[in-house]
Every structure is written in structure tokens, then in C-alpha cells.
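First, one chain by itself: the form predicted alone, in C-alpha cells.
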């Protein structure tokens, strides 16, 4: 089944506030093998001008994926998540995410198109502080395989 193109431009309600914790930043950094002290040591981060630990650039995926659940679970969109693969991901930062940030994420469907019998869903997740300061925008492309009734 093809995705409902009427959903292009639809935004979903903002996520609940997410408080970025020091230990979560350290855990994420260690899982990626990050050795930069600004992600592991508060004093080192402050010496480099940050208020607290700096999250690695891909940390934003924690928020954007959680908020995008509203999109992929929306029954009216017509997405069969069992047929989905992740096609692309990119981030555009206004500033780094730091421990102590309280962030909210709003997801919008930027595009839906068919390519070679597959539907491609492009979402934009705008991540900002609870005070409204933009921090990062995450763009994601999901590919729903075989939506034209062909084999997956």
C-alpha cells in the first residue's frame, strides 16, 4: 500500500521535554568510542567554553527517533513498519547539545515519493530547548520496500 501523500507538511505535537543528563552523554560517547574530553569530563568541557558535557553529534538521534514514533505509528499514513529500512540521516546544528539542556522535538513529514516501487518518507525533526532556542534539525529518510505490490 502506498503512503498517503496528503501527509506531506503534517507536523506532530512536540515531544515531552527531555533533560540531557551527564551520564547519558558519557554512556553515548563511550558506546561510540569518543575520546574527546568535552564529552567525558565536565572540567575539560568548561575549559573549552561549554557549560557542561558536550554530546556527540549523533546524540540527537535519541530524541528524533523517539519523536518520530508518532509518525511511523500513525495508522492513517499507511506505513507498514515491517517493510521499512533506514535510507538516510543528517543533522544541522545551531549549537551542540550539552548536558543540562531540556529539549523538545517536533517532527514534520517533509516528503513522500515513490522510487522503483518503494515509498520514501522524509521527516524533519526540529529539536529546541523548552525556551524555544533551536539546537538541531535532524532529517531522516525511511524507505518502505515493495509498496507497489511487488516483492520486497
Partner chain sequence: MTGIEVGYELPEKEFSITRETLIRYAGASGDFNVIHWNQRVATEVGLPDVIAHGMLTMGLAIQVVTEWIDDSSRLLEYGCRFTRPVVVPDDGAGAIVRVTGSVTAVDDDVATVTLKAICDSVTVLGKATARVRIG
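On a predicted model such as this, the values are computed, not experimentally measured, just so you know. Numbering follows the first chain given and starts at 1.
The form predicted together with its partner chain exists for this protein as well; it is not shown, and the discussion that follows is about that form.
**Student:** Using heavy atoms only and a 4.5 Å cut-off, decide whether all three of 24, 33 and 88 touch its partner chain in the model of the complex.
**Tutor:** Contact check passed for all of 24, 33 and 88.
**Student:** In the model of the complex, is there a heavy atom of its partner chain that lies within 4.5 Å of any heavy atom of residue 54, even though the partner is absent here?
**Tutor:** Taking the distances in the model of the complex, the answer for residue 54 is yes, it comes within 4.5 Å of its partner chain.
**Student:** Counting only non-hydrogen atoms and a 4.5 angstroms cut-off, does residue 111 reach its partner chain in the model of the complex?
**Tutor:** No - in the model of the complex, heavy atoms of residue 111 and its partner chain never come within 4.5 Å of each other.
**Student:** At 4.5 Å between heavy atoms, is residue 92 in contact with its partner chain in the model of the complex?
**Tutor:** Heavy-atom contact with its partner chain at 4.5 Å: present for residue 92.
**Student:** For residue 62, is any heavy atom within 4.5 Å of its partner chain in the model of the complex, or not?
**Tutor:** Answer yes; at least one heavy atom of residue 62 falls within 4.5 Å of its partner chain in the model of the complex.
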